[in-house]
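Next come structure tokens for two forms of one protein chain, structure 1 first, structure 2 second.
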Structure 1
Amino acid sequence: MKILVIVSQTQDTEAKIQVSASGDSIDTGDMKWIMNPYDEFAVEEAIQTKEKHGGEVVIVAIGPGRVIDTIRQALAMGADSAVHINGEGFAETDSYAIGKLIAGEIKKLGEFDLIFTGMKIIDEESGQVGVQVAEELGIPHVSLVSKVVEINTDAKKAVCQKEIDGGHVVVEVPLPCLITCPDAMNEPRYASLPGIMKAKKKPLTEVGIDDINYDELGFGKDAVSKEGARVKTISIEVPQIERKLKIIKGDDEPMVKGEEVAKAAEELIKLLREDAKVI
């Protein structure tokens, strides 16, 4: 089997978010970057599938040079090779264009059986890239898969389980297909020291921004820029949290009268409705 995994790099979940001077982006100057947490489940699922059915796992990622650290992490976990679409200007590119760029490179890789990716990217909570890639490739996709029940390479089909309110639904889909992975899917392995050492020698193909044929993708080069993006960020604001404490005093007497309790309860309900606005 040939299994692809789309991974992305995001800000550390524990990083302190600060708005840039322009007011429409995040200041990433001193920020630590990690593999998108949901993509870790996708990498793990791909490796488990390879261990069960044989084949190879290819990582596909897009972004600046620092993304290589995330790619090496996936290779150290057990992936076999990787493709890096390298460019500094993709930070402002929207999901539509990112999906087209990734799909364009996947088409060059030849036939494949499965694509795994995280259910969303945690920086902007976007769950669109995987779906967009599937649409560009003309293959079916199943999102939020909690369990891959069966993969039948002879019949060219996969059986997936999705959780829903009060139960689950089982979906049968032909191969090749794309599956998005939530955190309930598996437990990602840690990269071992031998795995880290081997990752340095595994094939990594670099694709420069000037190597992309935009005519084949069906859109202009300006579509990957901030000005050409279909989705634009106008402004970003860090929410201000205000904490207030208000004490409702009752009767100080040991035996509180019933009317005192009713009066305190009435005041509490009024505060919850008018001030806190939770009821």
Structure 2
Amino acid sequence: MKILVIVSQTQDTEAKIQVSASGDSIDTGDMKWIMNPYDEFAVEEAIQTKEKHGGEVVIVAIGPGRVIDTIRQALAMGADSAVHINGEGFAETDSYAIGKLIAGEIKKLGEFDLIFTGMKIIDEESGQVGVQVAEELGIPHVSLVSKVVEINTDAKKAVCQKEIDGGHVVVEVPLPCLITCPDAMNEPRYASLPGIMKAKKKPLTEVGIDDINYDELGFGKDAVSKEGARVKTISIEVPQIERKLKIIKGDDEPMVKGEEVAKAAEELIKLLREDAKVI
């Protein structure tokens, strides 16, 4: 099996964020960068599939030089090789262009069976790239797969479970297909020390922004810029919600206990009624 995983690098979830001077992006000055958490599930699922059915796992990523760290992490987890579309400026464009560029490189990789990617990237949270890559490649997709039930390499099909409102569905999809991964579909492994050592020697192909054949992609290079983007961010704001922080505690220790319980329950109801006016 040839399995591809689209991975991205993102700003740390825990990070305190600050709007940059230009007012239309987040200051990434000393931001910690991590592998997009949903992509960790995608990499893990790909490696488990390879372990079961044999074959290779190829990482595809797009972004500036720092993205190499994330690619190395995926290789250290057990992927075999990687393609890096390397350039600044991709952050300025929109998901439509990102999807086109990624699909364009994937087309050059020859035949493949499966593509895994995260359900969304946690900084932009656009939630469209995976599905759009599938469309560009003309292959079916199944989004938000909670469990890959079965992969049948002979019949060339996959059976996946996905959760929907009020229940779940199990679908059968012919290969090749693209699967988007939510959290909790598996337990992503850590990169081992030998894994990290080996990763350094695994093949990594760099594609420069000028190596891309835009005519072939069917859209102009200008679309890969802020001005050309179909959707552009013009401002960003960090909303400040003031919370009241009225916390009822016990008299002697923080926990409300014993006889204090009834009074605390009463007090909370009074606050909800008279202060917040919500019940």
Partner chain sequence: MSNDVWVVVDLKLDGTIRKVTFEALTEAKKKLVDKLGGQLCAVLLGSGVSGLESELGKYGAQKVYVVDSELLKDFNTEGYVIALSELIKQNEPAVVLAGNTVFGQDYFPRVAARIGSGVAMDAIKIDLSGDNNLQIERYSHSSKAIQKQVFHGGTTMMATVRPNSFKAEEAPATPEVISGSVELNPGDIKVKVIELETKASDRPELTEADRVVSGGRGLASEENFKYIYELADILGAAAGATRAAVDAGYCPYDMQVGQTGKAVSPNLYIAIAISGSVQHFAGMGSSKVIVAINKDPEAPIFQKCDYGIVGDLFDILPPFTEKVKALVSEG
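Reference numbering: structure 1, starting with residue 1. No experiment lies behind these values; they were computed from the predicted model shown. By rigid core we mean the largest C-alpha set that fits within 1.5 Å across both forms.
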query: Number of the structure representing the form predicted alone; finding: 1
query: Lys201/Glu267 same rigid segment between structure 1 and structure 2; finding: no
query: Rigid hinge motion between structure 1 and structure 2 - rotation in whole degrees; finding: 55
query: Rigid core superposed, the C-alpha shift at Gly166 between structure 1 and structure 2 in Å; finding: 3.8
query: Rigid core superposed, the C-alpha shift at Leu272 between structure 1 and structure 2 in Å; finding: 6.1
